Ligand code: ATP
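Below you'll find only one chain, the form predicted alone, shown as structure tokens.
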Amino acid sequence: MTMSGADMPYSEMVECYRIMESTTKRGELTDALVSLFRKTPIDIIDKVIYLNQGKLYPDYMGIEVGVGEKLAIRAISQASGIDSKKVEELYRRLGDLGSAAEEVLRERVQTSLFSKQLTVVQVYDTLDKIARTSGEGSLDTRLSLLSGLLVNSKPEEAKYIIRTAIGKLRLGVADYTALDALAIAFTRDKSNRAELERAYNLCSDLGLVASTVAARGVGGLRAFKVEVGKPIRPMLAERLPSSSDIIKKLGGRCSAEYKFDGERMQIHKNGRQVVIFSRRLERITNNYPDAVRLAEDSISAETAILECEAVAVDSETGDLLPFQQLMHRRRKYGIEEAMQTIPISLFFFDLLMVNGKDMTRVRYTERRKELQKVVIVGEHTKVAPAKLITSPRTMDRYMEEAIQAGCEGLMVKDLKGTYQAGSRGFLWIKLKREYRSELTDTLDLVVVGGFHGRGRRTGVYGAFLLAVYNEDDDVFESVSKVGTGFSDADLERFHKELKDLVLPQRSPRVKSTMKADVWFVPKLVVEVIASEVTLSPIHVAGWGKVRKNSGLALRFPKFTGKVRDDKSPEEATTTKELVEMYRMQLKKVEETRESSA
């Protein structure tokens, strides 16, 4: 088949997928991507990037292929001439519809005399047509498009087409791995990853970053700027256990803001148009029509990007309610009823752009001052309370005020700090109520493996392998096996949700010497409470950071019942935080010994 210059065989991508699926080494994952990117024509590098991510566009656009399993089974049947019931039986046996498609098409009854070599553009454009087809007759159209693609595909190509169509590509490729590969492929220097990352943090569009660096090099990336409608990757905080530690870290003076237990939102306003993004950069405008109306009436600037916490409020008492009360907002139905029974308030805490001016480069005190000018305070719209802090005692008192007001604690900020999109650092430091306890702490951990249940837990997972995030190496390091704190309903729910995340082997992004019965794509984040952090010869979190040939683990870990649907796995507790928690424990033990001596 003759292709235009701006195309390449889809089999090139499939070969890369095959390599990535067969390795548990992140270096080999990167090498496979570098090889693929160097083969890719510049004009379609964005399409290759999106397909590698298992999508068609950046998340914030909210466009998904959206093929259901039943439709996919019919398409496989139609393309192969094999009864759909047999396809379904094979799917149940293999546990992966893509693998079922591959096996069925190896034995297909009918073959096209005019089958062509699939290209990347053909696959992308067909999936795009499927995603955009709606209305009367759309089901038949989508079926025809998908089955037509499968007719022209080789069995292994069909496997990945089906996985992409139903949203289960599961290659385990992180955005940061792709950034590494792009830097190597197009700048010949991995150290340029920082430039790519900065551009990505501002636009949240990996395909755009790829096409820019491929065509214009590093110089093109420096032209990226903050724009309304394109979400900025959120700035993240570190944690320290005490007010005195925070004061010392921030040089004696800082600002402490109330830390609310709500859903973090990034609100983009352009005239009367308001778009809302979650902290994971998903478009959630339709989930919060009440927040849209509040933003329309309370943001005085013509164009602006602000961050806030949407907090559930008791309609009778006005008391702030916990984060879990907002989870029903993720559903497609019942939102109008939820707005009436559980209203929300918006507490604004940062300003990233106003009337075309990029505020991310401006120090915190100036952003805060401008934020107070932009926000019109009302019954349900306020600027998060904040106070200048110069002593641990003042911070502790303010902490108590925040807790009495129904907050989690404080977010303490460097007065001179700029907004570092997508970064975690000590310009922002969390101080939550539980962090001040000597024995108990909470952590947000990523589920990376599961262990089959026994007895009452037969048929579901009885325990899970959890991990912290190592941001330096972009991997998840095992820290604990957790089996307590789960209700029967939790275990049933987890078994269903994790079904789509099962991997044939450990992900290249997971480091663990403990072998799980089942491995998962690192995606689900859960909150865990533990009595302390201990040294471990088994778990690899922070290996060698505090003692040679030892990692860190949790003592008496327990699931709190809280699933952090609002957090991406890269926003989980980090290895650095875990190491810091361990060191602070040692410090407290020493202080206790000294005081009792």
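Note that the structure is predicted; figures quoted are calculated from it, not measured. Position 1 is the first residue in the sequence shown; the rest follow in order.
One more form of this protein exists, namely the form predicted together with the named molecule; it is left out here, but the text below deals with it.
Visitor: With a cut-off of 4.5 Å between heavy atoms, is residue 55 one of the residues that contacts the named molecule in the model of the complex?
Guide: Residue-level check for residue 55: no, no contact with the named molecule.
Visitor: So, residue 564 and the named molecule: in the model of the complex, are they within 4.5 Å at any heavy atom pair?
Guide: Residue 564: contacts the named molecule in the model of the complex.
Visitor: In the model of the complex, does residue 481 have a heavy atom within 4.5 Å of the named molecule?
Guide: No, residue 481 sits far enough from the named molecule in the model of the complex that none of its heavy atoms falls within 4.5 Å.
Visitor: Answer for residue 157 alone: is it within 4.5 Å of the named molecule in the model of the complex, judged on heavy atom distances?
Guide: Residue 157 lies outside the contact set for the named molecule.
Visitor: Heavy atoms within 4.5 Å of the named molecule in the model of the complex: which stretch among 445-453, 250-258, 484-492, 185-193?
Guide: Looking at the partner contacts, the answer comes out as 250-258.
Visitor: Which one of 511, 380, 432, 74 is close to the named molecule in the model of the complex, taking close to mean a heavy atom within 4.5 Å?
Guide: So the residue touching the named molecule in the model of the complex, by this definition, is 432.
Visitor: Only one of 349, 224, 461, 91 gets a heavy atom within 4.5 Å of the named molecule in the model of the complex. Which one?
Guide: It is 349.
Visitor: Scan 395-432 and note down the residues that get a heavy atom within 4.5 Å of the named molecule in the model of the complex; none is a fine answer too.
Guide: Sequence-ordered list: 408, 411, 413, 424, 428, 430, 432.
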